[in-house]
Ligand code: HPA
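As a starting point, one isolated chain is supplied in structure tokens, in the form predicted alone.
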């Protein structure tokens, strides 16, 4: 199925050969509007691609020129909490590797554990804590399953993002992302635990994709758009609507940074 999907996607791209892909999280789908001469392919037309049941996730591949550079964007992802399958994005990432993608930039909407990192902030992920109790490589029969994650988040891509943030005057936080399985939000006690364990932000995605991408040999970076202060920090209840409302605020800042990364060819330096 993967080989067939690879061939189909290459045909649809019609000569466009991006080496970098981006996964767009909740509320960040507007980034695809900045693609020039976009080629759009619905996940439904790509065997093995998931159908996301999360509002704010369009479920399509959009490829074209992003600040003059060929880029492929995935507008929407499958989450562990939707189907109980941590490897739901494996077929997608295998296809990306199959068409020649070598670098993957992941984005997500996340809750802040740090009061100094308010909603609307952007955080460059430097490391993660897998608190979900599962792993997308469970069941993989080969010894390739023993993936080293000491440098899961590529130093070169991170430096490019940091340089772009500095050049554009965009405040960029850096920190550790903790993956909870979801779909319910965390409790105040869990957030206090996350802070003690060294997390700066919490969320329900991204980590499985990082593990799978490293398994497939892709270079990875990831950024969180902060949509709320985590449970117990303000006294208010959390909601997915808040995520959708606030994601575009930080998403616009992240878009500015990423556009600079590609416009100035920082991933090639």
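Positions refer to the first chain, counted from 1. The structure presented is a predicted model; accordingly, all values stated were derived computationally and were not measured.
Keep in mind that the form predicted together with hypoxanthine is missing from the display, and what follows is about it.
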query: Answer option from 216, 65, 238, 32, heavy atom within 4.5 Å of hypoxanthine in the model of the complex; finding: 238
query: Selected contact from 212, 204, 61, 221, since only one has a non-hydrogen atom within 4.5 angstroms of hypoxanthine in the model of the complex; finding: 204
query: Interface membership of residue 109, hypoxanthine in the model of the complex, 4.5 Å heavy atom rule; finding: yes
query: Heavy atom of residue 185 within 4.5 Å of hypoxanthine in the model of the complex; finding: yes
query: Residue 243, heavy atom within 4.5 angstroms of hypoxanthine in the model of the complex; finding: yes
query: Non-hydrogen atom contact residue 228 with hypoxanthine in the model of the complex at 4.5 angstroms; finding: yes
query: Contact segment among 139 to 147, 109 to 117, 162 to 170, 85 to 93, judged by heavy atoms lying within 4.5 Å of hypoxanthine in the model of the complex; finding: 109 to 117
